[in-house]
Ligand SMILES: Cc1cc2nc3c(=O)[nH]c(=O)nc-3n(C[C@H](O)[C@H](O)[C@H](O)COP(=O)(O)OP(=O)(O)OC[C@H]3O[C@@H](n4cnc5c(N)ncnc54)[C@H](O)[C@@H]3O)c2cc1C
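Here you get one chain, nothing else, as structure tokens; it is the form predicted on its own.
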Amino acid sequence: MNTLSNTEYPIAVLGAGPIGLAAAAHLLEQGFNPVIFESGNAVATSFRDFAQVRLFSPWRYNIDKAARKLLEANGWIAPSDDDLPTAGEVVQQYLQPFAEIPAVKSRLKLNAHVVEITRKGYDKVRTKGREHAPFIIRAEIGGKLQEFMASGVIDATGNWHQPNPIGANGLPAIGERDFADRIEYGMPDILGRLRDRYLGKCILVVGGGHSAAGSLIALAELAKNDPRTRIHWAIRGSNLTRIFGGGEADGLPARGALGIKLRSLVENGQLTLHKNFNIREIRNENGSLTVIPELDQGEAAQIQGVDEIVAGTGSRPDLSITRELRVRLDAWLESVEALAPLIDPNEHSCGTVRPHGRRELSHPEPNFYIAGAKSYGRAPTFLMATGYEQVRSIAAAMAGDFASADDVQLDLPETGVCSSDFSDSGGRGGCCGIEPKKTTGLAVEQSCCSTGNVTSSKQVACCG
């Protein structure tokens, strides 16, 4: 069993986002001494990148139970369970106050970028006795490498800062790096800080997820102020059922409303949709960009006169830091191997996944775990509440309480879109033909991170 055999050193938590801070809360609750490494100069740097984005999920799904206990013990007043916060509000009202708790603040290392992990005296090949050797965490702090010892490691570094390229084959399109100054990845602040960048321009949005949908809706809002704003949308497939989502059948109304709004934009001709558009190259022609698809799609399919590109193409994990550890990952999703059949987007549209914890998240490397969005690799179906339960289970296992660790419960809202049947049902009806409900035996997760615009100028997301 994967319980700690050496408690001389603290447990290292990599990443001070929602899941990393929740891991610290559960470790503290179990009596451990965690140390939290965060590469940014403040906690939740990813959330700060899209602070303007309103989450799909209300507060009830966004606050970890152990973190809540610590906060309330320090006089914190919780926000209303049913309110939908922005990412910035999650930072300001929850994550930053949690990081200020003395028991957490004293264990938090900011501007500490972890670059490598290994075990003292052991490379990846050597086996005998390795489970008793402490981990070595090598981090860059102030431009210098420093080493720290740890009894266990929870990697919650996420994947936000490793966006997927827009090239069709997983590589950057030819010219993508050359025109990086005209491409924004993820969820740019279209209606706020970057408003002037897009107003009156020709913008291409690439991607078939909620992030792309949110950018499209924000751009349509922007176009009301300047009709010269032209919007193109390129997707690799042709079926919009999964993109439009479950509509009124969605367990999260804000997410359902996003799909309804996007459908309206397409049907009303407020954007130009390019289906089956697999990008091969970007060229500069007379100061504007021409986006060229794969050769078999013909010259007529080119998108010309583009000023800016928004890439809502998802993210991928950074696997380099664990090269000297024995980590078991899925060959194509780069997720924790045991999760792959449950979250493979080739098979699942609504992220059907059973409750899971330390068993599924363990690796051949004793006392090393990957949790949070990084555990899902390239799959886009992660929810914060899932990560909270992951780290609760891991902390219990490290404490030797395997009964609690294996008693994993998830209570998540359904999407209203069913499994692998992507026929054009119009996004109506509940998941698998049933009315939306909450479930603990088989949890249905929401696609995340993703954006939209369902209320005035606010973008909406389910990010975790």
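So that there is no doubt, residue numbering starts at 1 and follows the sequence shown. Values in this document were obtained by computation on a predicted structure and should not be read as measured data.
Note that the form predicted together with the ligand isn't included here; everything after this is about it.
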Just one of 376-384, 196-204, 358-366, 118-126 has heavy atoms within 4.5 Å of the ligand in the predicted complex; which? 376-384
Could you work out which of 136, 292, 112, 104 is the residue within 4.5 angstroms of the ligand in the predicted complex, going by heavy atoms? 112
Pick from 188, 158, 259, 312: which residue has any heavy atom within 4.5 angstroms of the ligand in the predicted complex? 158
How about residue 50: is it within 4.5 Å of the ligand in the predicted complex, going by heavy atoms? yes
Contact test in the predicted complex: residue 398 vs the ligand, heavy atoms, 4.5 Å: no
Exercise: residue 38 in contact with the ligand in the predicted complex, heavy atom 4.5 Å: yes
Might residue 67 be said to contact the ligand in the predicted complex, defining contact as any heavy atom within 4.5 Å? no
